[in-house]
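Coming up is one lone chain in structure tokens, specifically the form predicted on its own.
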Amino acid sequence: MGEEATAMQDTAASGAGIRDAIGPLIGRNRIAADFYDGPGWPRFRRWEQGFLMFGGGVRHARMEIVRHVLDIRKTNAMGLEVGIGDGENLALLPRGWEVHGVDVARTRLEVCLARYPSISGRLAWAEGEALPYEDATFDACWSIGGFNYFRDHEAALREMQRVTRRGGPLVVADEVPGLHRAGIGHLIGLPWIDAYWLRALGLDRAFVEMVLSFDVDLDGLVARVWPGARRYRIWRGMGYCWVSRNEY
């Protein structure tokens, strides 16, 4: 198939400026997509905003991470956000940048496109573990929130390396895994209490089970896959931010 025909096929598949580059979802990606595409996310979102407010305010909390993304000496950089969601971070980036984004939740991409019509054609319904881009396409690549529950963290980190030009910043940030263990239920030996209040906040049963059973050593994994990466403490210690210069 020629390049023109391929481009036409991608456009048709996108439907509304969103490229369809996803296969059957399994594991944590399936659970995450179901949640963010479902009715629970609108309920839970206000609690997420409250979490960021505790971290110094929504803009401040996001800029703690975005400042590392901006560490590029270019006014017309190309960047990729893995897990772009509703596009909450787009307003924090320079106007001259060409930003692309992927997400496993189709409805979130549709909201992002509605908010920022100029990003049409630069969004992809895809997994972080299989980014639909050529090697060394972007000047920077980042993931802010959601990384904890990617299906395959190592594959996602390596994909971010692959699509980023040598020397470009790679940034991954999220809440510290295991925060739920500070909940009253875990402290008194009744973890079902924490599961109950997480459900009350809007998380569905499968997502709550995923949170409570999470046991991946993300710090060790990032340090191994991105040698030399630096870990920053964010959100008053409730979050992490790993930053690396791509050596791929």
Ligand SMILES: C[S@@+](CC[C@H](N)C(=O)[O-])C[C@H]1O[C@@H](n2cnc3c(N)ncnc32)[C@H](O)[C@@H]1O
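The model shown is predicted, which means the values in this text are computed figures rather than measured ones. So that there is no doubt, residue numbering starts at 1 and follows the sequence shown.
The protein also exists as the form predicted together with the ligand; that form is not presented, and the subsequent description refers to it.
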property: Heavy atom distance at most 4.5 Å to the ligand in the predicted bound form, all of 98, 132 and 158; result: no
property: Partner-facing stretch of 86-94, 132-140, 159-167, 71-79, counted where any non-hydrogen atom is within 4.5 angstroms of the ligand in the predicted bound form; result: 86-94
property: Contact assignment for the ligand in the predicted bound form, among 199, 60, 45, 67, heavy atom within 4.5 Å; result: 45
property: Proximity of residue 32 to the ligand in the predicted bound form, heavy atoms at 4.5 Å; result: yes
property: Contact of residue 108 with the ligand in the predicted bound form (heavy atom, 4.5 Å); result: yes
property: Close approach of residue 123 to the ligand in the predicted bound form, 4.5 Å, heavy atom; result: no
property: Exercise: residue 171 in contact with the ligand in the predicted bound form, heavy atom 4.5 Å; result: no
property: Partner contacts for 129-147, taking the ligand in the predicted bound form and a 4.5 Å heavy atom cut-off; result: 129, 144, 145, 146
